[in-house]
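Coming up is one lone chain in C-alpha cells, specifically the form predicted alone.
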C-alpha cells in the first residue's frame, strides 16, 4: 500500500489544481472562522445582552465545536478536488494504465480512499491549529481539552464528505455531473428531504440519518444546537452511522468499478 500511495502522490504533486484547491481551502478555513470571530466580537460589543444567547463560541471549550461547525461549510472544496482527481483518471485513461501495470481494481479504489483519509487527517490538524489560535487569542480564554472530541467529529465529517464525492465520481465518471449532484444534493435536496421527513411526515429523527446530514448533526451551531437539533440521536449513534456510510461509499464504489468496463 505504501508503494501505491507513493505513486498516487506522484500523480497529484505536480497537479496545479490540487495545490490551488488545498491552499484556497486552508485560507477559507482561517477566513470563515475569522469572520465568525469578528462578527461575534462586534455583536457583543454593540449589544452586550446578545452574549446571553451567543455565549463565547471562540473561547475554550466551545471553540473546538465552533471551528468544526464553521469549517463544515467549506467541505465542498475538498469534495470537488477529489472528484476532479478521480474523474481525471477516467478522462485520461490512467486508470487503465494502472491496471495494465499490474494493479488490481481493488487496489486502485482502495488507494484513492486511503489518500482521502490522509488528506482528511491533514485538514483536521489544520482545523485543530485554527481552533487553538482563536481559543488562545479570545479575551479571558483559558486553554481546555473539554470538548476536544469535536476534533474527531471534524475528521469523520471530512472523510464522509470526500468519500461521498468520490463515490459520485466513480458512479458518473464525469466531473461536471458528479460536482453538480454533489452540490445540489448536499446544499438543497438533502435539506429538503430532512425537513419533509422530520417535520412534514413527523418521523424525527429519521431525517438526521441521511448521508451528509448525519455528520452535520455531530457538529451543530454552538449556540443553537439544543433548539435546532433538540431531537437528535446521541452522538455515538451518529458516529457509528457516519462510519457505516463511509464504508458503504467504499464498498459500492469498489463494486461499481469492479463490474464496469475500463
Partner chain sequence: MLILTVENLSKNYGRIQALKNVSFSVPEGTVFGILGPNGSGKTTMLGTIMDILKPTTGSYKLFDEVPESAHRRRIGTLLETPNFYHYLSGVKNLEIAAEIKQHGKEDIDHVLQTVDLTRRKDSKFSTYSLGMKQRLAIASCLLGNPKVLVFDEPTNGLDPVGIAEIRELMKELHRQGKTIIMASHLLDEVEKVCTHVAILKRGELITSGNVNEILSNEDMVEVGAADTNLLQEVVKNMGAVIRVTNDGGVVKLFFLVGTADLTFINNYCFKNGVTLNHLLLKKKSLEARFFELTNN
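Here the structure is a predicted model, which means the values were calculated and not measured. Numbering follows the first chain given and starts at 1.
If you look for the form predicted together with its partner chain, you will not find it shown, but the lines that follow are about it.
*Asks:* Identify, from the list 124, 88, 72, 138, the residue with a heavy atom within 4.5 Å of its partner chain in the predicted complex.
*Replies:* The residue in contact is 88.
*Asks:* Which one of 129, 117, 99, 146 is close to its partner chain in the predicted complex, taking close to mean a heavy atom within 4.5 Å?
*Replies:* For this set of options, the contacting one is 99.
*Asks:* Out of the stretches listed (164-172, 151-159, 100-108, 183-191), which one is close to its partner chain in the predicted complex, meaning heavy atoms within 4.5 Å?
*Replies:* Single hit among the candidates: 100-108.
*Asks:* Considering non-hydrogen atoms and a 4.5 Å limit, does its partner chain approach residue 15 in the predicted complex?
*Replies:* Answer yes; at least one heavy atom of residue 15 falls within 4.5 Å of its partner chain in the predicted complex.
*Asks:* Using 4.5 Å between non-hydrogen atoms, is residue 94 touching its partner chain in the predicted complex?
*Replies:* Close contact exists here: in the predicted complex, residue 94 approaches its partner chain to within 4.5 Å, heavy atoms only.
*Asks:* Quick one: name the residues from 176-212 with any non-hydrogen atom within 4.5 angstroms of its partner chain in the predicted complex.
*Replies:* Not one residue comes within 4.5 Å of the partner.
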